[in-house]
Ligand SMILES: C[S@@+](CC[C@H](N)C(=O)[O-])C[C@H]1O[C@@H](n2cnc3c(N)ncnc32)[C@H](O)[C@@H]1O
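Just one chain is shown here, as C-alpha coordinates, and it is the form predicted alone.
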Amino acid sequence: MRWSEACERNREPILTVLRRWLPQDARVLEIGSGSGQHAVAFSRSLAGVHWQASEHPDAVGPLAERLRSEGPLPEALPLDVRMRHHWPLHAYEAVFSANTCHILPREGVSDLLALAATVLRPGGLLLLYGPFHDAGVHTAASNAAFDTHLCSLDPSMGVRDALELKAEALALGLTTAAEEAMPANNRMLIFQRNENPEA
(Lines give C-alpha, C1' and ligand atoms only; values in the text may rest on other atoms or scores of the structure.)
Protein backbone atom coordinates (compact mmCIF):
# COMPACT_ATOMS: atom_id res chain seq x y z
CA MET A 1 0.00 0.00 0.00
CA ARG A 2 1.27 3.50 -0.86
CA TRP A 3 2.62 5.65 1.99
CA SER A 4 3.50 9.34 2.02
CA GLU A 5 5.76 10.86 4.66
CA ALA A 6 4.57 14.32 3.59
CA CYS A 7 0.98 13.36 4.44
CA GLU A 8 2.08 12.34 7.92
CA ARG A 9 3.98 15.59 8.44
CA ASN A 10 1.29 17.96 7.23
CA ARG A 11 -1.79 16.12 8.50
CA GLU A 12 -2.18 17.95 11.83
CA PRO A 13 -1.54 21.49 10.50
CA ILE A 14 -4.06 20.89 7.71
CA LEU A 15 -6.56 19.41 10.15
CA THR A 16 -6.29 22.51 12.32
CA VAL A 17 -7.31 24.68 9.35
CA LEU A 18 -10.10 22.33 8.30
CA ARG A 19 -11.58 22.38 11.79
CA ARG A 20 -11.79 26.18 11.64
CA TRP A 21 -13.39 26.36 8.23
CA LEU A 22 -15.52 23.29 7.52
CA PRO A 23 -19.17 23.09 8.59
CA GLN A 24 -19.75 20.14 10.94
CA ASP A 25 -21.88 18.23 8.43
CA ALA A 26 -19.94 19.19 5.29
CA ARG A 27 -19.70 16.97 2.24
CA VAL A 28 -16.07 17.32 1.12
CA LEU A 29 -14.63 16.23 -2.22
CA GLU A 30 -10.88 15.63 -2.06
CA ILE A 31 -9.09 15.93 -5.41
CA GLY A 32 -5.98 13.78 -5.81
CA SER A 33 -6.24 11.73 -2.61
CA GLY A 34 -3.08 9.75 -3.44
CA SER A 35 -2.30 7.25 -0.70
CA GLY A 36 -5.58 8.01 1.11
CA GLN A 37 -3.85 8.91 4.39
CA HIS A 38 -5.53 12.30 4.54
CA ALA A 39 -8.92 10.82 3.70
CA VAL A 40 -8.67 8.26 6.49
CA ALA A 41 -7.32 10.69 9.09
CA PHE A 42 -9.75 13.50 8.32
CA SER A 43 -12.76 11.17 8.15
CA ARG A 44 -11.91 9.94 11.64
CA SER A 45 -11.09 13.35 13.10
CA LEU A 46 -13.90 15.48 11.66
CA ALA A 47 -17.08 14.13 13.20
CA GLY A 48 -20.08 14.48 10.91
CA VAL A 49 -18.03 15.38 7.82
CA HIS A 50 -18.58 13.16 4.78
CA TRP A 51 -15.16 12.87 3.10
CA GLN A 52 -15.19 11.73 -0.53
CA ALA A 53 -11.72 10.73 -1.69
CA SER A 54 -10.86 10.67 -5.40
CA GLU A 55 -7.90 9.87 -7.62
CA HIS A 56 -7.07 9.67 -11.30
CA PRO A 57 -8.69 6.52 -12.79
CA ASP A 58 -5.25 5.07 -13.63
CA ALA A 59 -4.16 5.32 -9.96
CA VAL A 60 -7.38 4.86 -8.00
CA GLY A 61 -6.74 1.16 -7.20
CA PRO A 62 -4.32 1.62 -4.24
CA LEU A 63 -6.52 4.39 -2.82
CA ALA A 64 -9.59 2.16 -2.99
CA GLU A 65 -7.65 -0.64 -1.28
CA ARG A 66 -6.66 1.60 1.64
CA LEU A 67 -10.17 2.99 2.11
CA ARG A 68 -11.62 -0.53 2.16
CA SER A 69 -9.02 -1.74 4.66
CA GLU A 70 -9.47 1.31 6.93
CA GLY A 71 -13.28 1.48 6.51
CA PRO A 72 -16.08 1.97 6.70
CA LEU A 73 -15.37 4.86 4.33
CA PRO A 74 -17.02 6.02 1.08
CA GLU A 75 -15.78 4.19 -2.00
CA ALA A 76 -12.93 5.95 -3.81
CA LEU A 77 -14.11 8.03 -6.76
CA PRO A 78 -12.20 7.72 -10.07
CA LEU A 79 -11.79 11.33 -11.20
CA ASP A 80 -9.67 13.10 -13.81
CA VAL A 81 -10.29 16.84 -13.47
CA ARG A 82 -9.48 17.29 -17.17
CA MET A 83 -12.40 15.02 -18.19
CA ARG A 84 -15.25 17.45 -17.59
CA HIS A 85 -17.97 15.04 -18.71
CA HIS A 86 -16.96 12.76 -15.78
CA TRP A 87 -17.20 15.46 -13.09
CA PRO A 88 -19.36 14.51 -10.07
CA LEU A 89 -23.01 15.50 -10.15
CA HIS A 90 -23.30 15.88 -6.36
CA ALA A 91 -23.06 19.26 -4.68
CA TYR A 92 -20.40 19.70 -1.98
CA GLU A 93 -19.84 22.14 0.85
CA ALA A 94 -16.08 21.98 0.27
CA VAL A 95 -13.46 20.84 -2.23
CA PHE A 96 -9.98 20.11 -0.85
CA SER A 97 -6.74 19.32 -2.62
CA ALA A 98 -3.21 18.99 -1.23
CA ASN A 99 0.02 19.10 -3.24
CA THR A 100 -1.66 18.70 -6.62
CA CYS A 101 -1.40 22.13 -8.25
CA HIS A 102 2.35 21.81 -8.88
CA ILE A 103 1.95 18.30 -10.30
CA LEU A 104 -0.98 18.97 -12.62
CA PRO A 105 -0.24 20.73 -15.90
CA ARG A 106 -1.29 24.39 -15.75
CA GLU A 107 -4.46 23.71 -17.75
CA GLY A 108 -5.28 20.94 -15.27
CA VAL A 109 -5.16 23.49 -12.45
CA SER A 110 -7.66 25.57 -14.41
CA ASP A 111 -9.85 22.50 -14.70
CA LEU A 112 -9.60 21.94 -10.94
CA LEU A 113 -10.78 25.50 -10.28
CA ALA A 114 -13.62 25.12 -12.77
CA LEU A 115 -14.67 21.81 -11.22
CA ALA A 116 -14.83 23.44 -7.78
CA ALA A 117 -16.91 26.32 -9.14
CA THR A 118 -19.27 23.75 -10.66
CA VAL A 119 -19.75 21.29 -7.77
CA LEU A 120 -19.63 23.66 -4.78
CA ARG A 121 -22.85 24.83 -3.22
CA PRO A 122 -23.23 28.64 -2.93
CA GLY A 123 -21.02 29.65 0.00
CA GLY A 124 -18.96 26.46 -0.36
CA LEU A 125 -15.19 26.42 0.08
CA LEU A 126 -12.23 25.44 -2.08
CA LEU A 127 -9.10 24.76 -0.03
CA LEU A 128 -5.79 24.33 -1.86
CA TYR A 129 -2.69 23.29 0.08
CA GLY A 130 0.86 23.38 -1.21
CA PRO A 131 3.74 25.65 -2.26
CA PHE A 132 2.85 28.78 -4.24
CA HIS A 133 4.72 31.86 -5.40
CA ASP A 134 3.52 35.41 -6.07
CA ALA A 135 4.39 36.63 -9.57
CA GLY A 136 7.58 34.55 -9.52
CA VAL A 137 8.62 35.58 -6.01
CA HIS A 138 9.01 32.45 -3.88
CA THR A 139 8.48 32.42 -0.12
CA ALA A 140 11.69 30.43 0.38
CA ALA A 141 14.78 29.33 -1.52
CA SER A 142 13.69 25.72 -1.03
CA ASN A 143 10.50 26.41 -2.97
CA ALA A 144 12.47 27.98 -5.81
CA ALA A 145 14.72 24.91 -5.93
CA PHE A 146 11.67 22.64 -5.84
CA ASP A 147 10.15 24.56 -8.75
CA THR A 148 13.35 24.14 -10.78
CA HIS A 149 13.43 20.42 -9.96
CA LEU A 150 9.80 19.92 -11.02
CA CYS A 151 10.36 21.70 -14.32
CA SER A 152 13.44 19.56 -14.99
CA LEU A 153 11.29 16.44 -14.58
CA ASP A 154 8.41 17.73 -16.69
CA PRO A 155 8.08 21.26 -18.11
CA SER A 156 4.30 21.09 -17.55
CA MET A 157 4.81 20.88 -13.77
CA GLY A 158 5.88 23.66 -11.44
CA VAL A 159 5.00 25.74 -8.40
CA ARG A 160 1.98 27.87 -9.32
CA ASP A 161 1.41 31.59 -9.01
CA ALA A 162 -1.07 32.29 -6.21
CA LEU A 163 -1.95 35.68 -7.71
CA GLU A 164 -2.87 34.08 -11.02
CA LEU A 165 -4.96 31.43 -9.30
CA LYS A 166 -6.84 34.05 -7.27
CA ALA A 167 -7.67 36.06 -10.38
CA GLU A 168 -8.76 32.96 -12.29
CA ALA A 169 -10.86 31.75 -9.36
CA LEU A 170 -12.54 35.15 -9.06
CA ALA A 171 -13.57 35.01 -12.73
CA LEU A 172 -15.27 31.69 -11.93
CA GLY A 173 -17.19 33.11 -8.97
CA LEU A 174 -14.74 31.96 -6.30
CA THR A 175 -13.68 34.80 -4.01
CA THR A 176 -10.47 34.58 -1.99
CA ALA A 177 -11.63 34.15 1.62
CA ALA A 178 -8.29 33.64 3.36
CA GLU A 179 -4.69 32.57 2.96
CA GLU A 180 -3.04 30.58 5.73
CA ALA A 181 0.71 30.17 6.19
CA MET A 182 1.54 26.51 6.70
CA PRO A 183 4.69 24.62 7.78
CA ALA A 184 7.55 23.93 5.36
CA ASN A 185 6.85 27.13 3.37
CA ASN A 186 3.47 25.90 2.17
CA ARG A 187 0.19 27.79 2.11
CA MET A 188 -3.52 27.07 2.25
CA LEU A 189 -5.46 29.16 -0.27
CA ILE A 190 -9.13 29.31 0.69
CA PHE A 191 -11.79 30.39 -1.79
CA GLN A 192 -15.54 30.75 -1.29
CA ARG A 193 -18.16 30.32 -3.99
CA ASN A 194 -20.34 33.37 -4.35
CA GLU A 195 -23.76 33.03 -2.73
CA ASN A 196 -25.31 34.37 -5.93
CA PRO A 197 -23.11 33.25 -8.83
CA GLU A 198 -25.28 35.16 -11.34
CA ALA A 199 -24.80 38.49 -9.53
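As the structure is a computational prediction, the values presented were derived from the model and not from experiment. The numbering used is simple: start at 1 and walk along the sequence shown.
The discussion below concerns the form predicted in complex with the ligand, not included here.
The partner is not drawn, yet in the model of the complex one stretch among 34 to 42, 134 to 142, 65 to 73, 161 to 169 has residues with heavy atoms inside 4.5 Å of the ligand: 34 to 42. When you look in the model of the complex, the only residue of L120, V81, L113, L127 with a non-hydrogen atom within 4.5 Å of the ligand is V81.
The shortest heavy atom separation between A94 and the ligand in the model of the complex exceeds 4.5 Å. Heavy atoms of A47 never reach within 4.5 Å of the ligand in the model of the complex, leaving it off the interface. The ligand in the model of the complex comes within 4.5 Å of a heavy atom belonging to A59. Heavy atoms closer than or equal to 4.5 Å to the ligand in the model of the complex belong, across 87 to 118, to the residues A98, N99, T100, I103, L104, ordered by sequence position.
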